[in-house]
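Heads up, the chain below is alone and in the form predicted on its own; it's given as structure tokens.
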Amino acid sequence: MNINWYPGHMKKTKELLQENIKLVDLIIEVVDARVPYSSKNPDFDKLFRDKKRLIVLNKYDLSDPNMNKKWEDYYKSKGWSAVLYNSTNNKELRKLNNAIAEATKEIVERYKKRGFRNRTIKAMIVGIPNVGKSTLINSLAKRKSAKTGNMPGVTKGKQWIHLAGSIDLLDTPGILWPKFDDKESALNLAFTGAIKDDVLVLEEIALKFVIRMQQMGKEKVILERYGIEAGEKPLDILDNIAYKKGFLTNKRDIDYLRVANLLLIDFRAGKLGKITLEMP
């Protein structure tokens, strides 16, 4: 699968980041805990190499608890701050605020030594589309500040949002990179919904997902979810789901698009269990 998807607004976002990086003290980078490597834009390491970084492993409630710890330790080993977070659970907001305070502690002390005791900390929040960045911002701001939606890339332009604790947060649109050279990462982003479904052939993505689950030894979660038997080939699993659910056309052919939508939606919602697709 060769995906080339770099809309013009994403090019503008990269330029926006380059223009504003000198204004901020902290970079808050949001990644998907199910695919922490694939959902991390490689351009960011070059853009933000001299800035303090906090990695937010969002949606950790949908990923493997054992792998969550390994990823958190991995990012900390690189000298960055890291926190596991679920942006849909407001009870975790204090944990995120504490992580931001800890990540900016040295910056605050440095300002105090220079005589700026009440200096507002400026942070920039970045992430690829559909990692939950806007939902996270709305939780921090305690209001509907960021424009959110179910489709990737819905945040438009940039906006400064004032948070409690003398922090100003610069929100930016989600940004992907020009070309997905790593086919496995491209598939991971397709599985999790970071790439718009309407630019993909979902039937192929669903089949690739079945193959990935088999490779990871997790085929059983699909069989148990839909109450089906395994087959000789990966395609047999999609066939068996279709027959079980009655996803057939008027001509009694299998409606693979309905099967694909069901399987991918269930995975994205965590209905197949807590799954992490890659390890550090």
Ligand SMILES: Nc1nc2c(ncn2[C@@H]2O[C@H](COP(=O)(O)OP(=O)(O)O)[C@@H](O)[C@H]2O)c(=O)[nH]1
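The structure presented is a predicted model; accordingly, all values stated were derived computationally and were not measured. The first residue of the shown sequence is 1; numbering continues from there.
This protein has a second form, the form predicted together with the named molecule, left out of what is shown; the following refers to that one.
Out of the listed residues N188, T104, N86, S139, N86 is the one that sits within 4.5 Å of the named molecule in the model of the complex by at least one heavy atom. T135 is the sole member of Q159, S81, T135, N97 with a non-hydrogen atom lying within 4.5 angstroms of the named molecule in the model of the complex. Partner proximity in the model of the complex, defined as non-hydrogen atoms within 4.5 angstroms of the named molecule, places exactly one of 56-64, 212-220, 231-239, 38-46 at the interface: 56-64.
At a distance threshold of 4.5 angstroms between non-hydrogen atoms, A206 is out of contact with the named molecule in the model of the complex.
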